[in-house]
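A single chain, nothing else alongside it, follows as structure tokens in the form predicted alone.
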Amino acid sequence: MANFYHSVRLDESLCKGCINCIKRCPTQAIRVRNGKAVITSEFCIDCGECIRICQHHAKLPTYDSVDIMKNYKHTVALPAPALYGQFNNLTDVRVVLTALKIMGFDDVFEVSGAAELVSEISRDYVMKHTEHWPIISTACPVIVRLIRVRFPNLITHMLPVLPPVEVAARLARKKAMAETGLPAEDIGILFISPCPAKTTFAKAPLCTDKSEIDGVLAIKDIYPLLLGPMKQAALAPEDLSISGRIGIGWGSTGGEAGGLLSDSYLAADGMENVIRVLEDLEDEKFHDLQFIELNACSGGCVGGVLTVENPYIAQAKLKRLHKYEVVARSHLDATPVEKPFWKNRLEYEPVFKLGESLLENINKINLVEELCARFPGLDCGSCGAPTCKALAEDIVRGKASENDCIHILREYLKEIISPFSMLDKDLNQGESDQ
């Protein structure tokens, strides 16, 4: 079993033991035990849904402090296109890019510029690999991890290309080393992220040995620090932008698919919708589709839990911003970049299996079905598991008992109390007869 790094953590001191998070988790990774939530590491895909739903703020994202900039002689900011959707009345992305330099970064490199390169690579791959249609996007690390643990039959459909942020990091480091003469370790490549899942990718990337991202900063931390410098930058913005309509469009749902310049696609966002699409794809319900774009967050990356703006307002802002932009500014024929295909094959992680062998697994599945038949099927969550089936699986794994179900416990207590109730009734009857 692989080691699992996670960018979502629990603050037990804030947890009230409610069941909101266990109901929202798309992989049923959370249980409530002894009045506190517990995250099952191997089930978690770092989607951030528990952070979004927890009203007590007990689920927290992991990312770097702005102070990480002090650790390097030269720092390069990698702004996600979702960053542009956070500001009111923004008409020129160069204002944000210039403000990042005024704020303290030595240089900037737009992730949206790398996205335009990935769009070109994706167009070529999709047209050359019709046998794998529909091709599933892999830019969102949550989707990659979800398919790895829950939809192994769809792995062959996945686009084997590294996400734009990693491509941007590699190009930014190469550029910085050439311009400054500094060694790689003195250069800090810092991604300004809309979600904690990018931290997971930077610390424990899939399908590549190491990420070139040195740190992940939250949009919500950078946003207030930019407001002052943006006023200054607006007077004389530097020409730092390397992306157009295609690259900026990646910040919201449909942007990646739009970069393919094809109408044969499907774009879905939000974990519930994503899972429905993947289930339908497994059931072969889609025909004549070339590409499927999937985003874990509603609205796309603008809906990440590390943003500050409402995702749908941010989506509208991005559309207005790139409406009059050129189609693209970054092109493969003008950018010396090594094709960023996966170095390692994505492997299925059978984290949900109940037994070590096929026979053991079948026997335990039968036990789960027997237990489910005894449970009321209410999926109330009072046991600390999201569903009756999840509780049954926990019991088979040895992590829970039947009496965790309050309905089973009530019947059990009735059986214990019943003889004493009858004895008490007989005694009362005897006293009345006397």
Partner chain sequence: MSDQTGSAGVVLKYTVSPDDFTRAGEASSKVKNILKQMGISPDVIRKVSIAMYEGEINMVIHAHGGEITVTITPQEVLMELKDVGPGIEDVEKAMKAGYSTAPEQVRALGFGAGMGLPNMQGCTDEMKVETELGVGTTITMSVHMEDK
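Residue numbers count along the first chain shown, from 1. The model shown is predicted, which means the values in this text are computed figures rather than measured ones.
The same protein also has a form predicted in complex with its partner chain, omitted here; what follows describes it.
At a distance threshold of 4.5 angstroms between non-hydrogen atoms, Phe151 is in contact with its partner chain in the predicted complex. Remark: Cys372 does not count among the residues lining its partner chain in the predicted complex, judged by a heavy atom distance of 4.5 Å or less.
Under a 4.5 angstroms non-hydrogen atom cutoff, its partner chain in the predicted complex lacks His407 among its neighbouring residues. At the 4.5 Å threshold, heavy atoms of Phe341 stay clear of its partner chain in the predicted complex, well away from it. Remark: of stretches 59-67, 377-385, 32-40, 361-369, the one touching its partner chain in the predicted complex is 361-369 (heavy atom within 4.5 Å).
Annotated contacts: Asp124, Glu238 and Asp239 are all free of its partner chain in the predicted complex [non-hydrogen atom within 4.5 angstroms].
The contact residue chosen from Lys128, Lys323, Arg345, Lys285 relative to its partner chain in the predicted complex is Lys285, the criterion being a non-hydrogen atom within 4.5 angstroms.
Glu279 is the sole member of Glu279, Asp221, Glu179, Glu272 with a non-hydrogen atom lying within 4.5 angstroms of its partner chain in the predicted complex.
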